[in-house]
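The chain below stands alone and is given as structure tokens, in the form predicted on its own.
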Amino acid sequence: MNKPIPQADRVRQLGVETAFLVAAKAAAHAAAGNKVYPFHLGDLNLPTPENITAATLRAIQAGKTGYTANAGLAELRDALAEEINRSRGTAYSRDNVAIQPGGKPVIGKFLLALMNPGDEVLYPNPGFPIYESQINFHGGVAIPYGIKAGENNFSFDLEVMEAAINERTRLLIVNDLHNPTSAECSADDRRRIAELAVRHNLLVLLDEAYYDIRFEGESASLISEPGMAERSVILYTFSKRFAMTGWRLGAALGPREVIDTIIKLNVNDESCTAHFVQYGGLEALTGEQSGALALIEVLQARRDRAVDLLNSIEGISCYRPQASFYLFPDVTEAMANSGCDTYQQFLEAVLEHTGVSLCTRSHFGTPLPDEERRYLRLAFSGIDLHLIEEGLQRLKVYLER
């Protein structure tokens, strides 16, 4: 063809995870013979627990390589319902569970099932960029609410959330234990959000990908608040808790009528999640848990060392979050001292002079009008402890020279 192939108008609304663009630059820097310290992607460089891998291999050897039920294995759905009932006080059965090839599909299917074109959807910004991308792609109107810095951690700006609700608001997305900031709802926050959802009859996506990546305290879910179970869908993923990012295994849990629609979308999209992978998920939930617990110990040691080193750098301050594997340090003064006016200048200078590869606030949504502070996002899930120490020491020397 002599002319570009015309694409559907909706494609212009489709965004990307710009963290992968950072990864590409880091790879090019490494290919040029430089050492790179990868703080940019929220992947894990830790192995999937052996019992999960073994169960999956047994399933393959037993011939579990064909199609399976569109909703997922009945045994896995039962186990996941039981797990969520135990940890969150719900009363789910397998009919409330639709197995998915990862956590991301839950976002798109939630929107396809419940959002009409023109409906407004509240989502966190900064936040996982796929929320905004999927809302826009499917014809909705993405309305952001922000994150606030508190005494010990970030929290959600509930005043902005409430002020944004109007007669066109249909859906609310909440990512408690939040990517990229590790923001966490207090008990009062959960109560207030639930009251807003019930009062305005909002349908809610609860992205709980990091619910089990917990170092202190106990995680709690909005699903446990009055009125939330009947209006909410939980996004569950095996990726983080069990180091199964590349396995692509997750689930949607919620009211049966919504789950039935999501299962119908499964039929249309991918037919089913990989048969043998689901047996790995079943072992993850019901088998030996020592491997998953060991992952938390490794991540906690990384968190503690990274937080201590970041707070030792002039012009940087960083909370010590109790959950997730992200840090979101304030680098406003450090950037000013470095002479860099933009995030891009800062990232390029840091990568060139130190090899440290990381993301900034700008990779997680367009900064809101009233934002004055500058932030980085560091993931400590994919970098070993000694490299955390080495990389952040190099960053310290560079920024303080």
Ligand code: PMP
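What you see is a predicted model; the values in this text were computed from it and never measured. The first residue of the sequence shown is number 1, and the count goes up from there.
Below: the form predicted in complex with the ligand, not depicted.
Asker: So the ligand isn't shown here. In the predicted complex, which residue out of F242, Y92, F128, Y123 has a non-hydrogen atom within 4.5 Å of it?
Answerer: Going through each option in turn, the one that passes is F128.
Asker: Among the candidate residues A209, I223, L253, I193, which is the single one with a non-hydrogen atom no more than 4.5 Å from the ligand in the predicted complex?
Answerer: Spelling it out, the residue with a heavy atom inside the cut-off is A209.
Asker: Looking at heavy atoms inside 4.5 Å, which stretch does the ligand contact in the predicted complex, given the options 115 to 123, 266 to 274, 297 to 305, 233 to 241?
Answerer: Of the options, only 233 to 241 has residues within 4.5 Å of the partner.
Asker: Do Y326 and the ligand share at least one heavy atom pair within 4.5 Å in the predicted complex?
Answerer: Yes, Y326 sits close enough to the ligand in the predicted complex that at least one of its heavy atoms falls within 4.5 Å.
Asker: Report yes if any heavy atom of G103 sits within 4.5 Å of a heavy atom of the ligand in the predicted complex; otherwise report no.
Answerer: Judged by the heavy-atom cut-off of 4.5 Å, G103 is in contact with the ligand in the predicted complex.
Asker: Hey, in the predicted complex, is N179 touching the ligand, heavy atoms inside 4.5 Å?
Answerer: Yes, N179 sits close enough to the ligand in the predicted complex that at least one of its heavy atoms falls within 4.5 Å.
Asker: Just to confirm, N175 within 4.5 Å of the ligand in the predicted complex by heavy atoms?
Answerer: Residue-level check for N175: yes, a contact with the ligand.
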